[in-house]
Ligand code: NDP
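In structure tokens, one chain follows: the form predicted on its own.
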């Protein structure tokens, strides 16, 4: 019997997740179906309840429902609890269980695919929403020194406050970044969706710096800015997208797919 999975968001028509998971299923000989489902902005919980009733085994969650998914779960993995956001759901015995694979996906893409080890690196994480929450603990655990910058400083301060007992993570306004340099700059804001650029000062990129935009599929204003500012390497979020999907697939199906050919197939 074919096991059913889905990705839920609003909007969702642009999602590559069905292609990715279908490729994983073919590669690992797993009998699954996987579709994109657009939930109304006020209908996420009802959509999940319907999928549970229809016998789905799990789903991925994307913008703007990751915080709502976190609130919906009866049980959470440690990394989902740390992130306070959920992007992967498991349906078992009528219960909704939550995980967050975003941080693992980003870390795998940066450290393995891009060969950029984060230990002792100075990392600027732009944004304090669901995307940033999903990855900050993984970056921290990799040994990076992290600065979180956000248009609303209070949101950045709130996000980093939980790190106070553990190590060095600080909050900053964009203006206060002037004169500072970073080895890795990660854009976890939604600015690239609207072709906007956060108000970054010049001179942010250290020698050999990596500029990483979680948005994929186009040359974003942030990546254009980074290139003009002399960033040594530029990367979009396609690798992270595939790697976080592989992590979810592995948790669902207990087999890890090979991501390299899938990433290559999705590149234009």
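Residue numbers count along the first chain shown, from 1. The shown structure was predicted, so the numbers you read here are calculated from the model rather than taken from an experiment.
The discussion below concerns the form predicted in complex with the ligand, not included here.
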Inset, instruction - Tell me the stretch among 51-59, 203-211, 35-43, 236-244 that has any heavy atom within 4.5 angstroms of the ligand in the model of the complex. - result: 236-244
Legend entry - Candidate from 136, 123, 188, 89 lying within 4.5 Å of the ligand in the model of the complex - any heavy atom: 188
Legend entry - in the model of the complex, residue 151 touching the ligand (heavy atom, 4.5 Å): yes
Inset, instruction - Give a yes or no for residue 196: in the model of the complex, does one of its heavy atoms lie within 4.5 Å of a heavy atom belonging to the ligand? - result: yes
Inset, instruction - Answer for residue 128 alone: is it within 4.5 Å of the ligand in the model of the complex, judged on heavy atom distances? - result: yes
Legend entry - Contact label in the model of the complex: residue 223 to the ligand, heavy atom within 4.5 Å: no
